[in-house]
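For reference, the chain that follows is the form predicted on its own, supplied as structure tokens.
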């Protein structure tokens, strides 16, 4: 069974609205969500504070639809900046499970792809992309395990932002070929959330194949989470999966006593 994630649910000081957002995500079948704290370093008096503890939202986290497990809530920091000097990792960064950068200039985009220690690079949705995606920095980000994010909420708000979101997404897909892409909501209200399979189909409009569209809300999000764990610990995370071994002829003879097994081998 696929594990779906939405790694961009907008933070709001309204506790009740935030609770309803997470409850709606769990009802739609998302096993993990990330509360997104956006800090625009272009503005003065913007400081990076510590995220709210997720346990303050619920006494008992809502159960994921179709599962018996409660939803997992992560904290994410998104830095909006225009110059590489704006990105200065501090101790506050490690308080967040995920770190993203929304580059507003080509110079910052190149630096983010090639050098910045981040997990996610945001792609503009509500405005025209101010620069073209070049192969060199995009491939550099892919090689470093950094993922590009497309948020679908601007595409369902009005026709203008829908055109920008689709155009910017297709421009990215032409360069990255669908690799290292995640699709998130960026939702501010519960009504803006959509189900995982709806988003996988929406990925076709963004230039993703059917397989890449499903990966953008499941396995790729899992990889982003593991990348964030690696960044925080400065070590490594190993994810293992049990592999079922096929039944061979030799395994069928496991129940045969050694003496009889030797006779069988001699006769053959």
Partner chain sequence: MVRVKSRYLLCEVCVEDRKNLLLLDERSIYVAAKAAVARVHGDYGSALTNLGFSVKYLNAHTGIVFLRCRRSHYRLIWSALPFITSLENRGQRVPCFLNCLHVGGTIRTCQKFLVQYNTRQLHRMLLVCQSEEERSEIRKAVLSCTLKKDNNDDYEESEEED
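Numbering follows the first chain given and starts at 1. Since this is a predicted model, take the numbers as computed values, not measurements.
There is another form of the same protein, the form predicted in complex with the partner chain; it is not shown, and what comes next is about it.
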Given that the partner is absent here, state which listed stretch (75-83, 125-133, 97-105, 192-200) has heavy atoms within 4.5 Å of the partner chain in the model of the complex.
-> 192-200
Interface membership of residue 205, the partner chain in the model of the complex, 4.5 Å heavy atom rule = yes
Taking heavy atoms only, is residue 110 within 4.5 angstroms of the partner chain in the model of the complex?
-> no
Any chance residue 65 has a heavy atom within 4.5 Å of the partner chain in the model of the complex?
-> yes
Does residue 173 reach the partner chain in the model of the complex if we count a contact as any heavy atom within 4.5 Å?
-> no
With the partner absent here, would 18, 225 and 229 each sit within 4.5 Å of the partner chain in the model of the complex, counting heavy atoms only?
-> no
Listed residue that, although the partner chain is not shown, lies within 4.5 Å of it in the model of the complex (heavy atoms), from 143, 156, 167, 114 = 156
